[in-house]
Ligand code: PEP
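Only one chain is included here, represented as structure tokens and corresponding to the form predicted on its own.
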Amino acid sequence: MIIVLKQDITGKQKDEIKNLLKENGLIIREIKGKEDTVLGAVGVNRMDPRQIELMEGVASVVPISKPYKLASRELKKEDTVVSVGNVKIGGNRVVMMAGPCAVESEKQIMEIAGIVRQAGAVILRGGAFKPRTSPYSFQGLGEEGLKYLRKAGDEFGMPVTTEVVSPRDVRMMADYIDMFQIGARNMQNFELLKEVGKTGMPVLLKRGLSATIEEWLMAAEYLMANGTDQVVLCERGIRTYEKATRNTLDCSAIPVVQKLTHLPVVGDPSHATGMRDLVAPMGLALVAAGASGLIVEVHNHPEKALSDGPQSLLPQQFEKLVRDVQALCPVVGKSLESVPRVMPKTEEGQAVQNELCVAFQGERGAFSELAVRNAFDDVNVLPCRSFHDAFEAVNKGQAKYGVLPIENTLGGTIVDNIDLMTRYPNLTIVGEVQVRVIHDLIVNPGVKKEDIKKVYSHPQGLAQCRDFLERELPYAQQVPFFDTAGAVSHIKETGDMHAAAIAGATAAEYNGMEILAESIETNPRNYTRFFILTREENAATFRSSNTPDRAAVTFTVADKAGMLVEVLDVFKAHEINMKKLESRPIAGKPWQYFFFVEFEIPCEEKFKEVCQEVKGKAEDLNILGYYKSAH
């Protein structure tokens, strides 16, 4: 049964309810949802629900109709996100898990781990115990293989997962791995499920060879009833009369299961198809169907593999699959999970860490670097050629923070960065910084104004200096460049004595160039506003010394008259002031749009409460971050 608790319930009242349930032999799970806190009570139930409903602090009691109680979406409406080491599976993420079918040697697993990590995998898979159809086939290296797998995971900063086949191995394996796998043959090995469940560790539960969806979810229930709520379901194809493929991949199971359970679902296209040429298209089909990730077999010498060589991808095939999945993610409203590389520990036991590094788009001396210097003291900087590269650097841990422009007082919103923020759910806004944009005319030493025949700069830089260019250099060709500071570097590298660049004084100083004219912008009230972004795990540290007074969100609304007004009316009713509103097209969904909104907020908790109210009217509401305004 589901016990819905009143919002004003006291701790004492909650304990009294739990104690009564335990006395009656029920297993209890407390779940804090977006709107309510509930207790899920499962087991052999001989209680009259009215006995619970009359207790203080209880709002209502609802029976769970499904035979799988803890796994049912009746119990928990929100999606469960499973943490495996520093990787999260579920929600709007797509996780790539890869490695060989079997761990064959230390050298083999180390080589393949490096290959798949470089390509984009975030969890390392590899079998140490192999249940095989033939008793004469390679059965795995056992505990020796686990040691190799653990070493490879630590070396390349990836949590590891492997299959457990015997209840007696569970305790031993728990010391080596981050996530258990329950294979298709063992999906209904209930004694094994009980032992694995007792560890409380994450579990990847594969669908049985001919299991129905309900049987699959009941197997998950065994795990959850015995102690773990960190269960990931895996569709790997079922046995049918078809012989053209190893199994029949049931892509339709993905959306069906997502309606029935809150647990994340991933797919295994390797075992589903049995042929490497089919793995990539079926992997993309699984992601398109809504899968939260793929577990794929990869081998650097599949022709020599001791297990499942024909279905193992070559390294270059896996790399292409990752790129294709990344391209597909925005279409299905998700992003590819990426985690920083965790460096191995030194002999003293201290992790090797990079110094504080901040990424920005552009070359050294760009206005974006000036924004970094204004926001941080004494940091290393990472110049990136594109906004996407800067986001990637922060997402992968190459930089702890990123400083990206969001709006210019003359040029308006930098929409590319709004779009990119929706594609990187691991990143959050933690700060804001403003920079006054002062443009100078920069040349190689010795160049005179009358020598100039070309002027290079970012298109906005050229537009912002239009009056000067028309008045002072009417015959000079205006050449758009990807970056203002990059334009300075370009004319320095070419040594062009008939060219100039428009950029800031910092770029001139960094490149050892001359400033021919200062402050040439048409409008002196030219400012660019930047967001400071970081991974979620770093946010609290930054915000602790910068109390937020702003929040940014995205959401969509139903295509009905007045729906946007209804959403904004909720914020108005709570006197939360809107500072900015933009609509943006949704990638892969023609003529559909999401809204990007910035608000002044009284405090984070109050704003979160209002957002819960808004979720009844808006769709796909995501809080992009809280930050201190630079105004």
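On a predicted model such as this, the values are computed, not experimentally measured, just so you know. The first residue of the sequence shown is number 1, and the count goes up from there.
Another form exists, predicted together with this ligand; not displayed. Remarks below refer to it.
Undergrad: For the three residues Arg125, Ala184 and Glu297, verify that every one has a non-hydrogen atom within 4.5 Å of this ligand in the predicted bound form; reply yes or no.
TA: So, yes: the whole triplet contacts this ligand.
Undergrad: Check Asp440 for me: does it contact this ligand in the predicted bound form (non-hydrogen atoms, 4.5 angstroms)?
TA: Outside the cut-off, so no.
Undergrad: Give a yes/no on whether Arg276 approaches this ligand to within 4.5 Å in the predicted bound form, heavy atoms considered.
TA: No, Arg276 sits far enough from this ligand in the predicted bound form that none of its heavy atoms falls within 4.5 Å.
Undergrad: Does any part of Glu337 reach within 4.5 Å of this ligand in the predicted bound form? Heavy atoms only, please.
TA: Residue-level check for Glu337: no, no contact with this ligand.
Undergrad: Does at least one non-hydrogen atom of Cys101 fall within 4.5 angstroms of this ligand in the predicted bound form?
TA: Yes, Cys101 lies within 4.5 Å of this ligand in the predicted bound form.
Undergrad: Please pick out the stretch from 166-174, 319-327, 184-192, 442-450 that is in contact with this ligand in the predicted bound form, where contact means heavy atoms within 4.5 Å.
TA: Every other range fails; the passing one is 184-192.
Undergrad: Of Lys151, Arg93, Lys130, His262, which one comes within 4.5 Å of this ligand in the predicted bound form, counting heavy atoms only?
TA: It is Lys130.
Undergrad: Heavy atoms within 4.5 Å of this ligand in the predicted bound form is the criterion; list the residues of 203-239 that meet it.
TA: Heavy-atom contacts within 4.5 Å come from Lys206, Arg236.
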